[in-house]
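Shown here is one chain on its own, the form predicted on its own, set out as structure tokens.
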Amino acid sequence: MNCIVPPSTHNSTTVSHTRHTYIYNNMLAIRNFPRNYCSKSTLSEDEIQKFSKMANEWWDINGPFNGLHSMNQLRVPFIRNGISSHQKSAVVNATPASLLAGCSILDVGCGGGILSESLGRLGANVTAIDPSEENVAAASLHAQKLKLNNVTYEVSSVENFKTLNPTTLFDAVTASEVIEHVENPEFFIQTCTSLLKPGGSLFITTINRNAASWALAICAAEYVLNVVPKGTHDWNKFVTPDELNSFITKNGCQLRQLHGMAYNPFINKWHWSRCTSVNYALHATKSVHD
């Protein structure tokens, strides 16, 4: 097993090995593991390649990920308030300027770090993982500019991370706009919940699977309005709220909140909705008992 390497005093140094690449800089360390370390996998190589090709566009606020940037206006307070309400012990060091200080968060499928950075700016100790080397490189470079030394990026799937860190647990696990891109979604949730401390929080945002999501998230968003590139989503991979609730219940978690989210692409703004027929957000907490 390879450990996270302490930040180097050099601005940037890359050391290559047969199966691992370490990228050092003055604020962050990236740990790169082989993608197929585990026999059971949530990885889709097609999905990894698709998002890797767009790695240079994560931080273009007018690019294909602008909807994710604006989604932070909903999902960051959703996560912050969920932790503060249900895990007061995780934020005992919180201050008005750092509302999540002392809280440990695993951000699964972090992409370019759009959510990871926002949580880090709230004071959380964030470990952000993504199976795309290109995505993690883009995220690390951007975070370095902000000198976020409480955010660490690693190239890894969630199951690889669990295998290599069997005793590591977090106050919260986030997977925002991720589960609809993985294989074996039930195993994905099982692995995410296994990384939670007792009483810890799981936060998911994703897309429902029904006629409305086909019409809006696929046809309108990808082929009419060009909100996201064509082929971004596979409707068959969408997960219904009932399915997701079943997954979390089987893994010892209790549903705390389920909210619909609606997006106006003309003004690039999200708002909460009572309707969960397309986008929705879920918060669950892990039982304090085994």
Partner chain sequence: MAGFYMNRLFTLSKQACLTRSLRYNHSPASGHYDIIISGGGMVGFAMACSLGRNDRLKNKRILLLESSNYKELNLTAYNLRVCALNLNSKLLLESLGAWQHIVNARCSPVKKMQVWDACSDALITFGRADLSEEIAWIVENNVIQDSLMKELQHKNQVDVQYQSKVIHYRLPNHADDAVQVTLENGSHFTTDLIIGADGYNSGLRQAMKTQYITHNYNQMAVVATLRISESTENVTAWQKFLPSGPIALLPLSTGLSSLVWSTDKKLAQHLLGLPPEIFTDRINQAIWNNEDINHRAQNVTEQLFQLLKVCRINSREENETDTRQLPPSVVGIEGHQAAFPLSFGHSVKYVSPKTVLIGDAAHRIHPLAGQGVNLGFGDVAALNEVINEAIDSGSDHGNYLYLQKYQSNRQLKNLAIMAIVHGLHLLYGTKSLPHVFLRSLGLTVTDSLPSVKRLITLTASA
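All of these numbers come straight from a predicted model, not from anything done at the bench. Residue numbers count along the first chain shown, from 1.
Only in words, not in the display: the form predicted together with the partner chain, which the text now covers.
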Item checked: Contact test in the model of the complex: Trp235 vs the partner chain, heavy atoms, 4.5 Å -> no
Checklist line | Ala97 within 4.5 Å of the partner chain in the model of the complex, heavy atoms | finding: yes
Next item on the list: Determine whether any heavy atom of Ser118 comes within 4.5 Å of a heavy atom of the partner chain in the model of the complex, and answer yes or no.
Entry: yes
Margin query: Considering non-hydrogen atoms and a 4.5 Å limit, does the partner chain approach Pro77 in the model of the complex?
Written below: yes
Next item on the list: Counting non-hydrogen atoms within 4.5 angstroms of the partner chain in the model of the complex, say which of Ser246, Ser70, Gln254, Gln257 makes the cut.
Entry: Ser70
Next item on the list: May I ask you to choose, among Lys197, His142, Lys162, His86, the residue with a heavy atom within 4.5 Å of the partner chain in the model of the complex?
Entry: His142
Checklist line | Partner-proximal stretch of 218-226, 238-246, 257-265, 62-70 relative to the partner chain in the model of the complex, 4.5 angstroms, heavy atom | finding: 62-70
